[in-house]
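Single chain ahead, by itself, as structure tokens, in the form predicted on its own.
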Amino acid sequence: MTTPTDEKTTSFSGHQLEETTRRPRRIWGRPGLVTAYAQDMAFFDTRAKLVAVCALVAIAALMPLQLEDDILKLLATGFVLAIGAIGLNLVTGYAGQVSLGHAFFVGVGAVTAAVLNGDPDGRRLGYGITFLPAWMLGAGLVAAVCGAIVAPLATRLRGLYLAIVTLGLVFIGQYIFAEWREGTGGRGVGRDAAVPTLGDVDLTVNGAYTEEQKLYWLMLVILVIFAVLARNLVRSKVGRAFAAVRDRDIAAGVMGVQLGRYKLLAFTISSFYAGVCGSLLYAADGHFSPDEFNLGMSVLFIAMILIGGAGTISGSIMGAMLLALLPRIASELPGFFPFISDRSTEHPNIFEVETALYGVLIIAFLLFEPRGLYGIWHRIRTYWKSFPFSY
């Protein structure tokens, strides 16, 4: 497929000046053939991608009419986790800045949303903002501000040192969340999460559709919006600067890339995505505890981008969905392997197997497919394009 851009040629012969202009034309076919930079950076550079994405979104939108509510709840949680994974992938996979403090920003988003949405006359701090986009974006902005405050450290540190500094954010956050009882409820108590409402419609109340169906559609729409925004970001000037910093920051600086500016931008955008993720993560459960924003959550997000594929938006979504469904997959194993028990008092049980699968998946992908699930899909796509040839 080729998409020639406007091309203007000027030739001078003697005293004659000739100017011709060609209008852009879109020619579908010949995959992999690119003749213009705009073609290479197009959102959908082939018709197959456009059709496949539209079909996938349509199938996802119709799934609530066929699946059970408990599976829909897991899928909705996976959509929210995918938003957080995309944010981490922007700073780690694209900008090359290792961050282990993602749980802190998720916690900031969850607490901010709960405070903004909370009852002003309740036991906890609340401002009574019920409009979902208001408290969701407010949570993202507060988390982004926190990320911007931490980001200057990224201009002085990298690699393991940066990872250790961001890891310290998790422990600082745990202390703040546990001690700020008015906002978080305190350790072991927690508080009610923000209630998703659109106008007069409470999405947590069953009506023509169940709570799980409405939350599923809501999270799907929000994920599509944020995935499109992230995809547009990484193919822009900012995204190319992120890639340059990731590949070799010294060379990027020599070429004129402002390292401090783009590292700051990467952390800020990543924190915004984490804050939005935290604001929606507990909408289905309706309650959260400050104990949940720990190192385990940060490792969970790291695992999502490692399993899904670092440096890819679609890989972030695939990794998040797989890990969100992992508890359900583990619960089905006793039917195939009788020696696995569904009781926590017996060994081995599904909870132990789930933890083991979690570690096995990370090790297996790092050893055999470093590009993650996206790498597997890329191999299949490449084989299909080149069939029956091997090159």
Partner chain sequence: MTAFLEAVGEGLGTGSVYALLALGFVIIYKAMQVISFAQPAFMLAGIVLVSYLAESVNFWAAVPIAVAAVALLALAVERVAIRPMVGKAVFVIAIITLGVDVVVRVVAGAFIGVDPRSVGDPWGQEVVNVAGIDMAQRNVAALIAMVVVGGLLFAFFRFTPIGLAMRASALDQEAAMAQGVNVGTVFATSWALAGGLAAVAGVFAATGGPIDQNIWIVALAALPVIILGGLDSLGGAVLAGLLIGVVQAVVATYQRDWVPSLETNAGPIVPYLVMMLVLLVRPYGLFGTKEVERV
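Positions refer to the first chain, counted from 1. Keep in mind the model is a prediction, meaning the values are calculated, not measured.
This next part talks about the form predicted in complex with its partner chain, which is not shown.
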> Counting only heavy atoms and a 4.5 Å cutoff, which of 140-148, 269-277, 219-227, 158-166 contacts its partner chain in the predicted bound form?
Replying inline: 158-166
>> Given that its partner chain is not shown alongside this chain, does A251 nevertheless sit within 4.5 Å of it in the predicted bound form, heavy atom to heavy atom?
In response: yes
>> Using a 4.5 angstroms cut-off on non-hydrogen atoms, would G359 count as touching its partner chain in the predicted bound form?
In response: yes
>> Please determine whether V238 contacts its partner chain in the predicted bound form, using a 4.5 Å cut-off between heavy atoms.
In response: no
>> Check L198 for me: does it contact its partner chain in the predicted bound form (non-hydrogen atoms, 4.5 angstroms)?
In response: no
> Taking its partner chain in the predicted bound form as the reference, which of M318, L100, L265, L132 has a non-hydrogen atom within 4.5 Å?
Replying inline: L100
> Of the residues L259, L233, A178, A243, which one places a heavy atom within 4.5 Å of its partner chain in the predicted bound form?
Replying inline: A178
> Along 256-291, which positions have a non-hydrogen atom within 4.5 Å of its partner chain in the predicted bound form?
Replying inline: none
